[in-house]
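Just the one chain here, the form predicted on its own, laid out as structure tokens.
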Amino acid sequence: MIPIDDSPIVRDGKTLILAMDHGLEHGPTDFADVPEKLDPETVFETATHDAVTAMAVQKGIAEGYYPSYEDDVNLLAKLNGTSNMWMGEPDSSINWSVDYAAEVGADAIGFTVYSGSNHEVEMYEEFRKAQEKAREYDLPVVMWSYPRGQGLKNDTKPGTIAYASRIALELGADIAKVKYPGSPEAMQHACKAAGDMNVVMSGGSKTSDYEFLSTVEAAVNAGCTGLAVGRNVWQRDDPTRLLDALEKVIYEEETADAALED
């Protein structure tokens, strides 16, 4: 872990990552209700909102679309990812190098680690190489810390999420992206387990405006320093309205009710 408050992906100590790696991880099905969002440019436009501190994408999307937005969007290069067609024990292919991500213009890198998978040892070693190379470029490292594997029955159990945030700290991440463990108390424990490292909540599947904002409010009050979200923003008809509300909840620490009233 290194100090990242001066990084472009941090605003007032907080982070809001807009993720669009779903085309690889989930496939076109995630765009079924919003077919216009299959065009990455539409989501890059959304990412120009002041609340968004970085946009997380895979290599091909970064190559093809980021150059048109480099003055308005901070790039988080998601280095690894696997298609939803993969049926084996959780694993994630490395799809581009830190060197190339830096060449493209990345402001940070992201890396998924499936602790508990039969591929855990290999993934830790891959993360080590990416993390140490990122240090050469002064790029913050965000770990998608997702315990998952045949021996893990509940990947959002409070103890599992606290372990996930701790693993990110122990392995050298600067931000841990973890799932919400079901209660503010459990989220607070997960944040404490991370020491001084930043923890952001994973946005997950789309829910109602109020349900989603209330969960974000609870996470921030519990110690989370932000959010990494995709579907709960760009699957909406009016993502700008939700980002306006998220800006109030995350950076101004308003309640969900107050943010929706404005």
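Remember, it's a predicted structure, so these values are computed and weren't measured experimentally. So that there is no doubt, residue numbering starts at 1 and follows the sequence shown.
Keep in mind that the form predicted together with another copy of the chain is missing from the display, and what follows is about it.
Participant: Spell out, yes or no, whether the shortest heavy atom distance between L152 and another copy of the chain in the predicted complex is within 4.5 Å.
Facilitator: It does: once another copy of the chain is placed as it appears in the predicted complex, L152 has a heavy atom within 4.5 Å of it.
Participant: Would I94 count as touching another copy of the chain in the predicted complex under a 4.5 Å heavy atom rule?
Facilitator: Result yes; I94 sits at the interface with another copy of the chain in the predicted complex.
Participant: Given that the partner is absent here, does R166 sit within 4.5 Å of another copy of the chain in the predicted complex, heavy atoms only?
Facilitator: So R166 counts as contacting another copy of the chain.
Participant: May I ask you to check whether L260 falls inside a 4.5 Å heavy atom distance of another copy of the chain in the predicted complex?
Facilitator: L260: no contact with another copy of the chain in the predicted complex.
Participant: Of L213, A51, I61, A222, which one comes within 4.5 Å of another copy of the chain in the predicted complex, counting heavy atoms only?
Facilitator: None of the others qualify; the residue that does is I61.
Participant: For the stretch 71-92, I need every residue with any heavy atom inside 4.5 Å of another copy of the chain in the predicted complex, listed N to C.
Facilitator: Counting only heavy atoms within 4.5 Å of another copy of the chain in the predicted complex, the contacting residues of 71-92 are G81, T82, S83, N84, M85, W86, M87, D91, S92.
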